[in-house]
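Presented as C-alpha cells, the chain that follows is alone, the form predicted on its own.
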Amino acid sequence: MNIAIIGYGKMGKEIQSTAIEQGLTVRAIIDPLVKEADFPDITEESVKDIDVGIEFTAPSVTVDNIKKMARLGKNMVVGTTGWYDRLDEVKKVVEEGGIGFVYSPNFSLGMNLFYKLIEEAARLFNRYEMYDVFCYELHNNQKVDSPSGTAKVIGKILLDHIDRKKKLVFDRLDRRIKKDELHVASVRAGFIPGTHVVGFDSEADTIEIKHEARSRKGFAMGAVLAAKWIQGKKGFYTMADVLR
C-alpha cells in the first residue's frame, strides 16, 4: 500500500516512521514549507501512485487539500482540526469526487475508547441529579485551535447523554453558570501533552476520568490504521466507523 504524507511537521514525521513500521510505503511527502519534502503541492505527479493520503497540516489549507485530492480521485485520512465549520462543503466534495475519506478530531485509539467510557459514565450519572458534570482540557502553547476538536466531541457526548445539560459554553464566564450549561474550559501553556478530563461532582465526592497523550505515536497509529481501512473504499467516515 502506497501513501502520501501531506504536511511534514512533527506529526508527519511520526506518521512516516509508523507507516514504515506497519509495512506501508511512503511514496510522497508533500509540504511547501519543508525542504525535505518530495513535492510542494498536491498534483497529478505528486500523488500518481498513491492509494491514500494522510493529511496533518493547518486548518487554513486543509479544505483546499481535500478538494485537490478529490479532483484526483485519491482517498484521504485527515487529522487536522479547526475546519469543521466547512464540514457540509467537504462532504459534498467527497461525494462528488467519489473518494473514501476518514476524519477525526483525534485519531488516538486510547482517546476513541475514552469517548466510549465518557458515554457510559454520562448515562450512569444522568440518573443522579446530585452530580454536576465538568470538563476541561490542557495543551501545549503551539496548539492552534481552542477549544480543540476533541474537547468539542467530548462536550457533545456529555450533552447527548445528560438530560439536564442543554448547552455547551466554551468562552470565559463572567457570571454564574446556569444549571443547564456545561462549561468546557481550555488551557494552553508550555509543553503540556494533550490532556482531557471529565468529572462528576457532588457534595459528597468527585469522580474524574482522564486521558493524557504521552506521545504522538498513538495518533500516528490511529491514522495509519484508518489509511489501511479506507483503502479501496468510498464514502465519508469517522474514526468511530474504522473502530466499529
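Each residue number is its position in the shown sequence, starting from 1. As the structure is a computational prediction, the values presented were derived from the model and not from experiment.
A second form of this protein, the form predicted together with a small molecule, is not displayed here; the remarks below concern that form.
33 is the sole member of 33, 177, 189, 207 with a non-hydrogen atom lying within 4.5 angstroms of the small molecule in the model of the complex. Think of it this way: in the model of the complex, the small molecule has a heavy atom of just one of 143, 152, 161, 71 within 4.5 Å, and the residue is 143.
Among heavy atoms of residue 97, none comes within 4.5 Å of the small molecule in the model of the complex.
Looking at residue 235, you'd find every heavy atom of it more than 4.5 angstroms from the small molecule in the model of the complex. Using a 4.5 Å cutoff between non-hydrogen atoms, residue 61 counts as a contact of the small molecule in the model of the complex. In the model of the complex, the small molecule sits within 4.5 Å of a heavy atom of residue 80. With the small molecule left out of view, the stretch that reaches within 4.5 Å of it through heavy atoms in the model of the complex is, among 44-52, 178-186, 199-207, 61-69, 61-69.
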